[in-house]
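Okay, here we've got a single chain as structure tokens, the form predicted alone, with questions on binding and movement later.
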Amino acid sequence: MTTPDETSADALVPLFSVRNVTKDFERKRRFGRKRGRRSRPALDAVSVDIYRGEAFGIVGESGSGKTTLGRLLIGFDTPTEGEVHFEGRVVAAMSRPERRSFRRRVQMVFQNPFASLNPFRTIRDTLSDGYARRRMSSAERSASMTELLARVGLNESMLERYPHEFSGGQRQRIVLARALTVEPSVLIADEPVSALDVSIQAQVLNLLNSLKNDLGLTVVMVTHDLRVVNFFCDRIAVLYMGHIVEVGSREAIMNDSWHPYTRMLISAAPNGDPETRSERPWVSSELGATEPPAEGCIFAPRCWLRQQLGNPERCTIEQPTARPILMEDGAAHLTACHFAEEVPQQAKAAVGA
């Protein structure tokens, strides 16, 4: 697996280490009885490392398990099986003082800025919560709030206003400011720009990038939008039906991916130039349109590569595990596909390249 460019010892040790994590949710009660478990877990034997100081993207279609993985990283949910480690400690087994420190260091930015702010509290009240355990005088706290608002592109006069008086982009900036009040080292951003206009998305992403560089943050970006991870992330993990199918650098994932599902996601992204738009026959259905197979590759029912290779039997009887593929630059690239080496050639043939 690739690691950040830093060569220090700390950079080579994962900040987060997810090991064989499975997360299964029980269905809600109905007429006084439990309805049993899902037909498939939200996450199934997921393993991945996230390093200090990097921007790590988790991408996939709706229902792929990416938000569940983000919630496990921050400790909102606990794994059914496996472990999530933060700096070598198991998150689910932390003591109360350790968890208090963990909560301060790892903050989450939620998808909907309209729902994540209390409409009955001013921005000053909202930001004050983060200063509650910090020994600061009233003057120091006010000065810190003003400085923090300026850092996210807002001004002091907004402190006495309520959330409904702000636009969506301004609310998301306030959410970022609230997360920064406790001086975290990690931000987990769950679809932080999906509810915003495209022009505002760019402003918020630029702000996130500046905060990451200025404050030395580690950012985990959970999104379905490939444009976001292409702009923001250093490394990307691709999820499909609770399985990680590919992990690699941004350049490798976006320009030279080795898994047919990743190729399908990239091919489905909108192309603004109608002259260069081409048919992409491998985008045949959406997630959930077909039942997951009882055995074999989880992507087999939708896999265009399997169809082009004549439906090899191996795909239906043996589940592929993530294996390293050596890239031209020497970086390790993880791909869970039996026939990954065929993907680049077959993808070119599919579009007539």
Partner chain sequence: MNVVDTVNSMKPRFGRRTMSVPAGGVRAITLRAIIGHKRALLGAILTAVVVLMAIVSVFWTPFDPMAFDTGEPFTPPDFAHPMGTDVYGRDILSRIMAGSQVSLMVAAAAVAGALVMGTVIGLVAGYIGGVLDLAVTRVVDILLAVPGLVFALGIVALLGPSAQSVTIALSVVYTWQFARIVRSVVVSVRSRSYVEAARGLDASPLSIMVKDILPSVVPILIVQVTTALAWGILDEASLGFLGLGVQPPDPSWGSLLIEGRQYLYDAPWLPLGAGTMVVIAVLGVNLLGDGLREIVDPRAGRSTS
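Positions refer to the first chain, counted from 1. Here the structure is a predicted model, which means the values were calculated and not measured.
This protein has a second form, the form predicted in complex with the partner chain, left out of what is shown; the following refers to that one.
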The one residue among Ser142, Ser185, Ser116, Thr80 placing a heavy atom within 4.5 Å of the partner chain in the predicted complex is Ser116
Students should find that, of Arg134, Arg89, Arg121, Arg151, the residue having a non-hydrogen atom no more than 4.5 angstroms from the partner chain in the predicted complex is Arg121
Checklist line | Close approach of Thr218 to the partner chain in the predicted complex, 4.5 Å, heavy atom | finding: no
(message) When the contact criterion is heavy atoms within 4.5 Å, does His85 count as touching the partner chain in the predicted complex?
(response) no
(message) I'd like to know whether Arg71 contacts the partner chain in the predicted complex, with contact meaning heavy atoms within 4.5 angstroms.
(response) yes
Note to self: Even though the partner isn't displayed, in the predicted complex is Arg178 close enough to the partner chain, meaning a heavy atom within 4.5 Å?
What the structure shows: yes
Checked 123-162 against the partner chain in the predicted complex; residues with a heavy atom within 4.5 Å, sequence order, are Asp125, Asp129, Gly130, Arg133, Tyr162
